[in-house]
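Same protein, same chain, two forms; see structure 1 and structure 2 below, as structure tokens.
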Structure 1
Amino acid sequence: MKVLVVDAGGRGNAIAHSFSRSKRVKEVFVAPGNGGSEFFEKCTQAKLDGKSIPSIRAIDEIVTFAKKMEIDLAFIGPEEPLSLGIVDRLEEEGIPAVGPVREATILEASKCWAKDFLRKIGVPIPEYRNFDNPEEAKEYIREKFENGIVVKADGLAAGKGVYVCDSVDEALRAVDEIMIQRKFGDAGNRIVVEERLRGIEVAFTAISDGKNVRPFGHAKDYKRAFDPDDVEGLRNFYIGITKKFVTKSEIEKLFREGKLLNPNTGGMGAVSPHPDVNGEIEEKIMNLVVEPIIREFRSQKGIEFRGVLYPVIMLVKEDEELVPKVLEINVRDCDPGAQVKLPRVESDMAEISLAVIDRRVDEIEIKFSNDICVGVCAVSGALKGREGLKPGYPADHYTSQPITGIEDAMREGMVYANGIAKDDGFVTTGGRVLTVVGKGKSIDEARQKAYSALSRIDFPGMRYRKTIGLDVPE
């Protein structure tokens, strides 16, 4: 079989790696892929007329490539091509694809729609209201603010449209940024304002053929940019952003006063399985969240959701019981969650995908090993260069920095590239650069392997969190 994985990052390389372990699979192409797509046996970066595919949005080129190479099966990683209808286009050409059709991406593409849908079908969610008028939203915020509030742009905003707010002022500013300054364009025509929940956050995934749905593993995703005690890291970031020098004692004072914001990112690392999720909780999430979504989406909208469903869950304690409440729904797998889940899949990834296509997900076994995987992201951190000091990911950062030690690291762990290119050697191309994964019988062993592998790698400005896998406040 020839498989095409559509993705540009670490998730896509992990998906490709999992397909490469299937006896049925001869070749795996990754489009557009990156400089790390060829780290694994059978895996190649897609080339059309000798050139890489320009981006995940280049649907025409990707479909042309799939036709030309006679691809037997495609697996789509990110939401953008899905919401541009890549699965519809591939299916028109007779190429089976794992991923929802365009109409089904509304679950992720409109947060307002998704919230109304979940409420209607009785899935537990935080208290919320949707607004298209900023003044009304502000009134609601002033009225409802108790323990924090979250303001979200309705549409796709590359993971940046969510503001978790500690004060009324912060929430009012979020409304202005989204609706008045229109920081995310039309994605901010409407917003959701919701109660801030406190609990245990879980990146939960399931895979569905539209009728049947099975658990597809879970992970704990570490989203804060810095370890909770990394005052020096926060200081460099802060200086990079404000371009104002601050002393150590000044920054420590700001930190103590809670005035230093530890920014949210797309993910700085992950551990799978999620240490707080047992079989009973998994069953509860399947019964209360995943199954109703798949069933009701089909019966109310008349659309089958085929692919990976990734609800972000907050486990909230109510009357001594953990209730799973949905924060967001994603119509694809998680990054970096996939990099720690997929190396644990013992079943054949091609078999799983074919079962999705043939609508017999109920008939197959999806088995995960009992091993634990810890993945740590190496990111482009604060760096002084030709354009002065840049704060680093998740803000402005330098790219094109030479990377050393990848081959050495691969002897100790798995290296999934998020943003690298291969030239003479490897160079950085993005904020998140690599996800380095260690696998072991315990979290300690997996952590030790991941960090040991990571210690072989270096590039100017490289930064990573030291607490991935540990139970630290996020």
Structure 2
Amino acid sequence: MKVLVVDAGGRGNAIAHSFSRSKRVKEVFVAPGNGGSEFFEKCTQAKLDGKSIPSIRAIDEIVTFAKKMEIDLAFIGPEEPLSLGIVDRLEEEGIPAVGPVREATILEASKCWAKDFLRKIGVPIPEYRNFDNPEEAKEYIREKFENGIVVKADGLAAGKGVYVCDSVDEALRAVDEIMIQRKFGDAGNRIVVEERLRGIEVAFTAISDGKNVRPFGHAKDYKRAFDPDDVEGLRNFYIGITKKFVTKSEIEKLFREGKLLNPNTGGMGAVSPHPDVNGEIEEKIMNLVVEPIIREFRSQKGIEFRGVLYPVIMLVKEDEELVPKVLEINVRDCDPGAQVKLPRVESDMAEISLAVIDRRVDEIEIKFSNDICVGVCAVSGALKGREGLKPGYPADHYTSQPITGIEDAMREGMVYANGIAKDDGFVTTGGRVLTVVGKGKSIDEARQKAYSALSRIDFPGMRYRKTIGLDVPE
């Protein structure tokens, strides 16, 4: 069979890699893909009339390609094409697709709606309020702030619309950036302001055919841009952001006072399985969170959710028990969690996908290996060029930087490309550039393999965290 994976980054390449291991799959096309989409056997970057698909939003071109190539099955990676109705369009053309229809994407497309829905059906969530007025939101923050607060843009913001704030001033700035400065456009018309929970964060995924749902693996994400003690990295970032020179001693003083911002990102690395999630916790998350969402969404909205459901969970200790509380819902696989989760899948990815389409997820076994995977993201860091010093991911960064050593790294570990292009060689095209994955019987072994492979890679401004896989504060 021919499979089409719709994605532009490392998650899509990991999905394609998992399909390539199926004996039922002859070819895997990735649209739009990137310069690393052909790292794995059977995998090809999609081309329409000799040209690459321009973006994940190019729904017409993707559907045309799928029809022209007689695709047997499509698997959709990112939330944006899902919210634009790509599954609806593909199914209209008779092409089976794994992913929710457009109406079902409201679970991720509106954090405000999702929070109200979860409260209504009794799924555990943090205390929160929704706002469409920035001044009312600021008043609530001043009133409710206690040991941190979280501010979230309501709509889709490419994983960048969440501000975990350690001070009132930081939270007020978040409101301004989202609602006044319109950093995320219309996604910031409304916001959620919620209590900051302390506990164990879990990227948990399940796969559903609309009625039946099964666990689909979990991961521990590392989202802070810098290691907790990376004062020099934070200094370069701070200078790049503010365009003001600060000394090392000044930065160290801000660091000691807890005033140095360590920004949230879409993810700097991940580990799978999550070290703190056992069978009992997994069952609790399924019973208290996943199954009610699938069941009540179908009951109350009249829509079957088919595809990967990814609730971000915080395990909070209450009465000596760990209670899973939902921070937000995503309607697709995690990133970079997928890059460490999917290499562990021993079941046939094509069989899993066909079970979703045929409404028989209850009849299949989804098996993961006992191995551990550690993935480390190499990102575009602070770099001085013709436009001056740019702070690097998750802020402004340089692209088109030449990359060396990818082939050497692939001999030691798995390399999934997040943002690269291939011309005479490989060059960077984004903030997150590569996710390098090591696999082993222990976290230590997997970390050693990941970092050893990563040491083979180099590009100007390359930066990565040294603590992925370790128990450090996030």
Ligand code: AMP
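Rigid core: the largest C-alpha set superposing within 1.5 Å between the two forms. Reference numbering: structure 1, starting with residue 1. The structure displayed is predicted, hence computed values, not measured ones.
Note: the form predicted on its own is the second of the two, structure 2. Splitting the chain into two rigid parts between the two structures separates residue 168 from residue 213. Comparing the two forms between the two structures, the rotation angle of the smaller rigid part against the larger comes to 7°. Taking the core as reference, the Cα of residue 173 moves 3.3 angstrom between the two structures.
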